[in-house]
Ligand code: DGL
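Quick setup: one chain, the form predicted on its own, written in structure tokens, and binding and motion questions come after.
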């Protein structure tokens, strides 16, 4: 089992933030990445729809005999993880539940969270941050699907999109938050826009903490792979050519992904 692959998924290219860090920390592991481009964005979908989507993805990874699945998606970590965590035989690493253990102890009393609407409505970040630090003040703000779409299309610098991003960021800045968690894996790729509106060190990219936690957990649990050839596989549910093009700013994928799910 130790040499079985690790599944990583998100609604599109955003999860490559986590995948790229994992591939650096775990060079002996083989990964299967799935981008659910047919259902992107997740943030405006109902809980029922998100559960169906996540079940289908987990079934796909079960057929691939993975030893673990990295839920590199804030929305499904928030909405689906607790419903699915006992349904499969592999390890699941949910993004929000994992990183909140760490982020609850950062040097800040008032934290803002920029996320999809579905993640914000679940209040998962507030619930888990306060679970580990009851004294922390958490302000969540759901952003429109346009945030994800402009990253996927590479149009984040368009003036209209810049104004949309600026207006939503200012909602948190006006409440004097000390740190802002980028609570969607797509959002770190808006940093070149965000730093024009606020100082760089206010933003937190959870993927860095998430990847390190997974690497440490595999080591401590004895589930790390023995030395083997790094040979990642990439799958999408639609538009493989567009995924291939858009992914270049995140990770250098050598071949067009395969259609699946």
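Keep in mind the model is a prediction, meaning the values are calculated, not measured. Numbering follows the first chain given and starts at 1.
Although it is not shown, the form predicted in complex with D-glutamic acid (DGL) is what the next lines describe.
Asker: Quick one: from 181, 148, 190, 124, grab the residue that has a heavy atom within 4.5 Å of D-glutamic acid (DGL) in the predicted bound form.
Answerer: Going through each option in turn, the one that passes is 148.
Asker: So which of 227-235, 38-46, 213-221, 62-70 is the stretch with heavy atoms within 4.5 Å of D-glutamic acid (DGL) in the predicted bound form?
Answerer: Looking at the other structure, the answer is 38-46.
Asker: Quick one: which residues from 64-84 get a non-hydrogen atom within 4.5 Å of D-glutamic acid (DGL) in the predicted bound form?
Answerer: Those in contact are 73, 74, 75.
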